[in-house]
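Presented as C-alpha cells, the chain that follows is alone, the form predicted on its own.
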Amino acid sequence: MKIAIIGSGYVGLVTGACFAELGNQVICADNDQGKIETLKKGSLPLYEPGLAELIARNLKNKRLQFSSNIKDAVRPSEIIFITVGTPALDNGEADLTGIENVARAIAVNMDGYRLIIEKSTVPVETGDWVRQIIATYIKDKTKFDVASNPEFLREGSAISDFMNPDRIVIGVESKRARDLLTELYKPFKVPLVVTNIKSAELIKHASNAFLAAKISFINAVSRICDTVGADVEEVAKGMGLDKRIGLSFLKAGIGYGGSCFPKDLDAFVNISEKLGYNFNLLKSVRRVNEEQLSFMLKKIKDSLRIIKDKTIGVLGLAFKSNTDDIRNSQAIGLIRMLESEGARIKAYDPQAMNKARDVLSRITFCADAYSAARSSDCLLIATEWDEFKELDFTRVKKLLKRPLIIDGRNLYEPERMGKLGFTYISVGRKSVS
C-alpha cells in the first residue's frame, strides 16, 4: 500500500520504517529540512535499538523515502498518518498546532480520496476537529475519511512493539476507512479493536494514564515498605502474579518520566475538566510521582548527612534505558535538586550524554561508569541500563571515597551488596551496610 507519514519524529520514523519493512511504499515527510537530509544519508536524529538498520535496509530497497515537501508525500499516497508532536502547554493542555498545520497542508494537496489517520496522541474529539479543518480547506469537494489509530510504542523496544503488538486499535466512521485499515494490518495476527474515533482516542489516553497509575501506586507502597521494613519487590511480585493485576509496571523507583506519561496524563486531566469531570485520581497519580524525587533526595541526605560540596556520581540521564530521550527525565530532575543543595555531580549515560549537555551545564560528564564513581562520595543509580547491572563492584568500591550506593532503580540485591562491603540504599527495601 502507498503510505505517507507526516512528522518524522520518534513515532513517525518507527511507524514508517516498520510499514516499509512489511512491504509497503512509504514516504516520511517533515518540515525540518536538516532532519530530512540527515535521514536521507541514513543517519538518525535519535537513538532507538534496531531503527537505524531498519531504515537503511528499506532505503536501499526503495520502499522508504524522505521528503521535506508535504505535497510529495500526500500526492502518491492513499493512506496518510499524522505523527507530529502534541507537546503540553503550560496549563497541561495538548498543543495541537502541529496537527492543525498538517491537516490544512494535507487538504490543499489532496487530488483524490485520502484516508487521514491520527497516529499522534490527541485529546478526545480531535478527530471531529481535523475533519472540519480538512473540509474547510479541501478543493473540489474531494472525498476523504478521518480515522484514529493510536500507537502503543515503548521507547527502547519500539520496533518489537510495532511488529508484535498486544492489539491494534482503529477508530473509523466509514466502511471504506475500516476496509483500508483492516487490509493494512492484515499481516498482524492479533486482536483488531474496531471502534469509533472518539473511543480510539480515549483508549490511548486511558491506557497511558492507567500505566502511570500502576507506577505511582507501587511507589506509594514503597514508602510504606520503607517505614515498616517490608520489601517492595516481594510485595509487587505477590500482587503481580494475580492475573487481574499483572507484574508489568509494578517496579518501584524514582518515578516515571519521558515524553508520554507526564504529557498524556496532564492532557487527560485537562480534557476531562473541560468536559465537566474532575479527575482527582489522576491528579493524585501525578502528585505521587512528583513527590518521589523528594523522597529520593531525603534518602541521599540521610546517607550523606550534608550534601553541600559532596561529589555524587550519577549513573543514568535518560528517562529510561535503551533510549537517549531525556524529556521529563526523573534522573535529570533529581540532579537539579542535588545541584540546588550544593552537590557536585559527575554523570554517565550510555546514550543520553549529548542531549543532556544541552540542559545540564554545571555537571561533569564522564566517559564511563567507573569515571563517575572515581573520588565520589556516593554512587546514585538513576536509570536502569543493563550495563549498570554488570559493573565490577570490587573496582567500584576502590574508586569511591566511601562504599555507598543509592539505587533509585532497585537494580541490585541488597544482601549481595552488603556482602561486597557496600552501604546500600534502595527504594522500598531494607538498607544494608
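The structure displayed is predicted, hence computed values, not measured ones. When you see a residue number, it is the position in the sequence shown, counting from 1.
Separately, the form predicted together with a small molecule exists; it is not shown, and the next lines address it.
Looking in the predicted complex, is the small molecule within 4.5 angstroms of a heavy atom from every one of Q25, Q65 and P76? The answer is no: none of the three residues contacts the partner (heavy atom, 4.5 Å cut-off).
Considering non-hydrogen atoms and a 4.5 Å limit, which listed residue (P165, G92, G240, G85) is close to the small molecule in the predicted complex? The option sitting close enough to the partner is G85.
Sort through L379, I55, A369, I70 and report the residue having a heavy atom within 4.5 Å of the small molecule in the predicted complex. Contact with the small molecule in the predicted complex is made by I70 alone.
Given that the partner is absent here, does D226 sit within 4.5 Å of the small molecule in the predicted complex, heavy atoms only? Although the small molecule is absent here, D226 would stay clear of it in the predicted complex, with no heavy atoms inside 4.5 Å.
Is it the case that Y412, even though its partner is missing from this view, gets within 4.5 Å of the small molecule in the predicted complex, heavy atoms only? Result no; Y412 lies far from the small molecule in the predicted complex.
Taking any heavy atom pair closer than or equal to 4.5 Å as contact, tell me whether A107 reaches the small molecule in the predicted complex. No - in the predicted complex, heavy atoms of A107 and the small molecule never come within 4.5 Å of each other.
Indicate whether G428 is a 4.5 Å heavy atom neighbour of the small molecule in the predicted complex. Looking in the predicted complex, residue contacts with the small molecule do not include G428, since no heavy atom lies within 4.5 Å.
Region of this chain that lies against the small molecule in the predicted complex, out of 149-157, 195-203, 179-187, 244-252 [heavy atom, 4.5 Å]: Among the listed stretches, the partner-contacting one is 149-157.
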